[in-house]
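Next up: a single chain in structure tokens, the form predicted on its own.
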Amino acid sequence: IMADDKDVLRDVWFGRIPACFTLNQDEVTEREAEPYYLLLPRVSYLTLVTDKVKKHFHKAMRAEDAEEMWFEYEGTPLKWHNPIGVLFDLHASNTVLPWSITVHFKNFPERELLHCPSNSVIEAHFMSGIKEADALKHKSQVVNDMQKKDHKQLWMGLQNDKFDQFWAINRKLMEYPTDEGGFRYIPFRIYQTTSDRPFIQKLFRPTSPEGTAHTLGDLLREMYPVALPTDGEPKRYQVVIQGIEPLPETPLQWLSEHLSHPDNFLHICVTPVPSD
């Protein structure tokens, strides 16, 4: 990898969002529960990095009043199975920092959230994402050639925030034969707040049949054309990946190799431009 590309990987991995967790007012407490401040890693999962939040609020509560912890932002339950950066870019990218998250210990929204009783649930979810991505990229050949300990190293790297440990294995998932110009298909998901669909995900190749590189703009034109600005019109949507708005002419293969989340998917958030 070129040196500056390695820096991109590092910047993505170490991206942080300052957050302020406040206990929902309806919770029964024994004493005043102060807000809890935390720097959230963009590439991780809410339920994986909030043990301290749980302990903090448990101190102010009786054990029988604390059921499964869940999070909400301005009335929207936050789906922990999406990476933290995706939740922020989708729901809060125009908010004033720190990101203000409400913590709940009762009335779990069964219809909107998956239960997360333990870290092994997060690990299973994360690994199934990696396997699905590799099925798209390499017909599963890379992930299937790995040993169990390699799979474990990917997970431990994410869980313990170890960049080098993670990338020592993940770089194998980012390789492709030079003559092919990219992966078989690009693993991506497009999220938007204006729809009930969880996301758009279809097959899309990194290059055209003639061998030219497809761009982010090409992908959007095919999957979600309203996201692209029309000539002479004011911009209606922001297209955000890892907290930044890449230019539409950015090659999709490059984005897939550098701005994917640890699950190897390119998570693309399309949100309306805020009206001031």
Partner chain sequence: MPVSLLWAVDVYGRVYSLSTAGQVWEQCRDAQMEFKRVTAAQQCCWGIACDNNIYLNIHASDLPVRYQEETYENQRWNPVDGFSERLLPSDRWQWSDVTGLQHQPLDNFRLPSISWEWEGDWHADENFEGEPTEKGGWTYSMDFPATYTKDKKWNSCVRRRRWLRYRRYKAMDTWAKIPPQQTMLPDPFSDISCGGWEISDEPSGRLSLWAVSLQGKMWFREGINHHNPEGSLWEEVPLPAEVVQISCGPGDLIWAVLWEGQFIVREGISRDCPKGTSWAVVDSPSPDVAATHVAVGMNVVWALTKDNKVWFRRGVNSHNPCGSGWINMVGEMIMLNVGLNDQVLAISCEDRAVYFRQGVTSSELSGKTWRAISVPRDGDRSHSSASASSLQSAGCYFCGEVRAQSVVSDVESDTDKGSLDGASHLVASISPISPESFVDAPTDHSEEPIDTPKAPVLEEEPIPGEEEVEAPSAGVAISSMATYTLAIEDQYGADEHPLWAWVSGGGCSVDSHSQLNWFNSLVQSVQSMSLSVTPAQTAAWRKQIFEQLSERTKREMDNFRHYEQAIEQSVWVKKGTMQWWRDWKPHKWIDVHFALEQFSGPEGNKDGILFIYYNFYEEKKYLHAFINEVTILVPVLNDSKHSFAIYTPERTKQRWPIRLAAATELEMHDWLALLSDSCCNSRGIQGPPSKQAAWSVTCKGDIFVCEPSPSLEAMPYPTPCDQMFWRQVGGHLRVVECNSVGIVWGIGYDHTAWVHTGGYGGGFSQGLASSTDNLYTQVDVKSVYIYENQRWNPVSGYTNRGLPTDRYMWSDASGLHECTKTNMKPPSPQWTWVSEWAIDYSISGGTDREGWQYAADFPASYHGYKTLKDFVRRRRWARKSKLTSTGPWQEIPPISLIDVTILPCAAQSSVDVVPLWAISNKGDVLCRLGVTTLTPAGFSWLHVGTDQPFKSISVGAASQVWAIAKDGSAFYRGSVSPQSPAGPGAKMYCWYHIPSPGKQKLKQVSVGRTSVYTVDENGNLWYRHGVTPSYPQGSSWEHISNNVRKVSAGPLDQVWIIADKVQGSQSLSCGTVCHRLGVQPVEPKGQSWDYGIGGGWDHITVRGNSMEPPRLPSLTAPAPPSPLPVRNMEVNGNAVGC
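Because the structure is a prediction, the values reported are computed rather than measured. Residue numbers count along the first chain shown, from 1.
Same protein, other form: the form predicted together with its partner chain, not shown, and the subject of what follows.
Taken together, the three residues 129, 220 and 264 all stay farther than 4.5 Å from its partner chain in the model of the complex, as judged by their closest heavy atom. Remark: residue 176 counts among the residues lining its partner chain in the model of the complex, judged by a heavy atom distance of 4.5 Å or less.
For the chain shown alone, residue 180 is not a contact residue for its partner chain in the model of the complex, no non-hydrogen atom being within 4.5 angstroms. Residue 227 falls outside the set of residues with a heavy atom inside 4.5 Å of its partner chain in the model of the complex. Remark: residue 203 does not count among the residues lining its partner chain in the model of the complex, judged by a heavy atom distance of 4.5 Å or less. Of the residues given (135, 156, 116, 113), 156 alone sits with a heavy atom within 4.5 Å of its partner chain in the model of the complex.
Residue 249 is the only one of 249, 34, 67, 30 with a heavy atom lying within 4.5 Å of its partner chain in the model of the complex.
Contact annotation: its partner chain lies within 4.5 Å of heavy atoms from the stretch 46 to 54 in the model of the complex, the single such stretch among 22 to 30, 205 to 213, 59 to 67, 46 to 54. Of the residues in 5 to 41, those that come within 4.5 Å of its partner chain in the model of the complex through at least one heavy atom are, in sequence order, 5, 6, 8, 9, 11, 12, 14, 15, 16, 17, 18, 19, 36, 37, 38, 39, 40, 41.
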